[in-house]
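Just one chain is shown here, as structure tokens, and it is the form predicted alone.
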Amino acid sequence: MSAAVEEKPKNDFEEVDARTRQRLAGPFSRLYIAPWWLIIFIVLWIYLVYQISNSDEFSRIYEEISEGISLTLFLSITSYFFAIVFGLLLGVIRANRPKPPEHGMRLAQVIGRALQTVVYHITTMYVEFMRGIPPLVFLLISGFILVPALRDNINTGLVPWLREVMNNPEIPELVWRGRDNGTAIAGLSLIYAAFLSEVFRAGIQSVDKGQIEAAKSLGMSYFQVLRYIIIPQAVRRMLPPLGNDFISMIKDTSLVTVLGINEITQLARKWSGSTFQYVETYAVLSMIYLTLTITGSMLVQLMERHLRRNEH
């Protein structure tokens, strides 16, 4: 017969529930878990809003800078849309590593494997190049090298050919400067497509391979598997990082100031350079960016909580 184990007596504090324990810990226990970073930002935000409402200097600065908010949001949303489309294509390609041809394959299948290998490595080289250089450098390359070269080739090659084929000498030449909104959108889209492709690749590869093989055994093509099996499951895991990348996109629109585009950073730079009000100008600029990014971060956190709640 086993010996009875003597239980250690519990004190009164161990027998109370969690709510009573928190009450016994003292009225200041909530101070340790309060979101102090957010409280500090809110206080600073209220202070700057008060200054804008009551100070002529701050009010004038805000009027000058706020004209670029719509352009900043337009650049962010448009660039991110194209980055998602291109990044998804890159992610699908990189999620399927090429395999060597197997014995007994037809010539067409061997050629298909060879083309897949070439496309895979070109895509990988592009992704690694974009992730390996600073975004500012690529924006400079886009604005002062790629766009002028592409525009000149179109105007000297494609436009004369269209005039001849369509018998219309009035077809205008392409007007695309390296310092306009189109260049900024193209540059940001190409940069972020490389980063988003890794998100899509990881999301696609996270799906159980057994489900993919089962779907293929039922006669589904890869694109049907991608549409009905992979994407619906992967999107739940990809949404939070995609949301964080959109917030980063909002901040990185400030880089297009090197192209002379009048978004909020460029307007702030011009105003501070002409009035020498650097502290006031960049304080207002920081408030605008923080308002946009913190709002976006909270939306992403709410989305993550909603997805986590639905998993159970």
Partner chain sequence: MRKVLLLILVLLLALPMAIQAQDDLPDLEGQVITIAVENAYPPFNYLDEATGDAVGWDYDTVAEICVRINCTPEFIETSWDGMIVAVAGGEFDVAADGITITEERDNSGVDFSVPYISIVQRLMVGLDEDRFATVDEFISGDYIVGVQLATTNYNTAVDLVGDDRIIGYDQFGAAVQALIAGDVDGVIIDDVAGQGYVGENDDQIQLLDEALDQDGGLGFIFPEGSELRDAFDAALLSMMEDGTLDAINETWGFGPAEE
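Source: prediction; values computed, not measured. Numbering follows the first chain given and starts at 1.
What comes next is about the form predicted together with its partner chain, which is not displayed.
Stretch 272-280 is the contacting one of 30-38, 244-252, 46-54, 272-280, since its residues have non-hydrogen atoms within 4.5 Å of its partner chain in the predicted bound form. This chain appears without its partner; in the predicted bound form, the one residue of Y120, Y222, F144, F81 with a heavy atom within 4.5 Å of its partner chain is F144. Among the residues R227, K216, R236, R177, the one placing a heavy atom within 4.5 Å of its partner chain in the predicted bound form is R177. Heavy atoms of R113 never reach within 4.5 Å of its partner chain in the predicted bound form, leaving it off the interface. For V284, no non-hydrogen atom is located within 4.5 Å of its partner chain in the predicted bound form, even though that partner is not displayed. Contact check for R94: every heavy atom lies farther than 4.5 Å from its partner chain in the predicted bound form. For R151, a non-hydrogen atom is located within 4.5 Å of its partner chain in the predicted bound form, even though that partner is not displayed. Applying a 4.5 Å heavy atom cutoff to its partner chain in the predicted bound form picks out no residue from 117-142.
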